[in-house]
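Encoded as structure tokens, the following chain is the form predicted on its own, with no partner shown.
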């Protein structure tokens, strides 16, 4: 699939982007043949509609892309991606697109080419776009590649994306960007004081591990922590089959962090980046950790296990404690952590937590600019007692079912120490196809963060 813009606009087919209210004005400037063809085809410039107009030799002379109304556009994003996906092989150039929409639509065009075709043959999308004027083409190509990395990692089944394969993907990314990488595996996790990562992953066929990638030597320090549970059976609190079917995506936090890391490194952001990924499978075996166990974390806090299916916060806790030891300027965790977050905001919004108003303001402005929606939820201190069970410092699965995403975030905050901290409880999955976002794995919040980080870290 092409993840790059066309290198030349020679012989590019014009794609006229037409607001529904401007169709008559556009047609008034065309000849009788074009006007007749458009009217005979019933083209109204509704959002997402596409009309291909032939020339006298039977070739393609132009394309009309319906841009609907402002009200219709407000209800979706990447409006031209469906047009891009419908076009034959060739090179195309946009005309009439509002400049403020150029970045979003150009990225959507690139991402419209995505399909996860590792396991079957699929049609190759070959409609390449000439980068619109004013768009930073190289930056968008890097962003698209980072998003594709995230999608591919999530979409790959656990049979081919266990902890070892996730480690290999991290190593490939480190090699691409000349980053340093180190990995702690198996019983060495106990020796080096990562007991909760070890406990969650020790029952699996592939040993648990903590992946540590570092890049850059100038600028503010930024640590990204991604949940890398490559498959989640629920452990001894076994999930029902209906809940286990999508658990290959439980490493969606790690996949999103790696996509964001590629964007940061590929765009040359002036930061000292560290990426920490606890990579495990939550499996069932004779040595699996149990409900009722008390685990001691790297930080020293004890955790009562009331549900082995609340494992993501355990592995993140040890990784966050390590990250906090260096006191970075900002630490961000991303995880497919709770079903409660999906109930609260649905699959399309990336809920996040922070006590930092400056960071929240920059993130929400960035999210709006790059069409990567986020929604702030509270670190609500009065709920702290809900994660304190009595016989240990913390409870990994508070009873009652209320505020599940908030209590999980509060749990993680205990391990971030005094570090400036943001947490994302992402879904990582698009349940139904949409323009530039086919059904399957998807990045959430990464592009918004990329846009916001220079301001947050200033």
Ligand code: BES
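Residue numbers count along the first chain shown, from 1. Note that this is a predicted model, so its numbers are computed, not measured.
The protein also exists as the form predicted together with the named molecule; that form is not presented, and the subsequent description refers to it.
Residue contact check for residue 354: none of its heavy atoms lie within 4.5 Å of the named molecule in the predicted bound form. Interface residue remark: residue 221 is not counted as part of the site for the named molecule in the predicted bound form, having no heavy atom within 4.5 Å.
Put simply, residue 309 is close to the named molecule in the predicted bound form: some heavy atom of it is within 4.5 Å. Put simply, residue 397 is close to the named molecule in the predicted bound form: some heavy atom of it is within 4.5 Å. Among the residues 318, 281, 105, 250, the one placing a heavy atom within 4.5 Å of the named molecule in the predicted bound form is 250. For the options 90, 347, 373, 339, the one in contact with the named molecule in the predicted bound form, meaning a heavy atom within 4.5 Å, is 339. Just one listed stretch, out of 71-79, 139-147, 309-317, 384-392, contacts the named molecule in the predicted bound form at the 4.5 Å heavy atom level, and that stretch is 309-317.
Along 218-243, residues 227, 232, 239 each place a heavy atom within 4.5 Å of the named molecule in the predicted bound form.
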